[in-house]
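Here we start with a single chain on its own, the form predicted on its own, put down as structure tokens.
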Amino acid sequence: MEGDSTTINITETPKERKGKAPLLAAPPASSSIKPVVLKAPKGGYKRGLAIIDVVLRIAGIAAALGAAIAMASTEQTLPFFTQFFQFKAEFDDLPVFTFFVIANAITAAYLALSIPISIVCIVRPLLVAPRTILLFLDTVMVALTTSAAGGAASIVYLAHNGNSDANWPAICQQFNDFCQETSGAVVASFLTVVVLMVLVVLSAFSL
């Protein structure tokens, strides 16, 4: 009959569905992507500072010990004397020089005993406690050594130049060797002060 239509339903089989793949694949879930972050080794620069710290402590030991020995061995006897007097100069004639020897010997002993703590900072550069201890003790040693070197320097200056206002004559024209040895000891002590100040700065940067 005219006007009648027939509808035919065609069902796709699973095999036919497999052949129809999407042109663009769906992006993977963002949660499945894990970025890889390369971490730099920790404490690299702190370990380098700790190595420099050990080297400076060894140099400080040499300077402080040299200053103490040079001052402690300083003496000079003039070749002429009278029946009652012998002209002789020794470091222990002045309490300032005695304090100088003791202070520099203490500083040298401290620097030697502090080397194991500094080595711990090389092995474990991220530890804060050893650095804090060294910072505090180095600051104390700076004060001790500076006071000893400053006091001795004032006496050496008077020995070289005297003081006309106080009627103190310069004695270095007679005791030339004595003055040279004490001057060298004072210079070595001030070098120790410089080393200790650098150690304080390194310990502060390492915290």
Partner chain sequence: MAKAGRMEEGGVSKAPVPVGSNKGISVIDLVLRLVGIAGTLGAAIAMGTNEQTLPFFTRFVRFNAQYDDFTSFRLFVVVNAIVSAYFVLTIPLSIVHIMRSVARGTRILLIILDTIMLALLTAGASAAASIVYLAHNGNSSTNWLPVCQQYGDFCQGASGSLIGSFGGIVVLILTILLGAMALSRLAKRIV
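Residue numbers count along the first chain shown, from 1. These numbers were taken from a predicted model, which means no experiment stands behind them.
This protein has a second form, the form predicted in complex with its partner chain, left out of what is shown; the following refers to that one.
Residue contact with its partner chain in the predicted bound form: residue 128 places a heavy atom within 4.5 Å of it. Taking the partner from the other structure, its partner chain in the predicted bound form has no heavy atom within 4.5 Å of any heavy atom of residue 116.
In the predicted bound form, its partner chain lies within 4.5 Å of some heavy atom of residue 163. With a 4.5 Å cutoff on heavy atoms, residue 66 does not count as touching its partner chain in the predicted bound form; it lies far away. Counting a residue when any of its non-hydrogen atoms is within 4.5 Å of its partner chain in the predicted bound form, the hits in 142-162 run 142, 143, 146, 147, 150, 151, 154, 155, 157, 158, 159.
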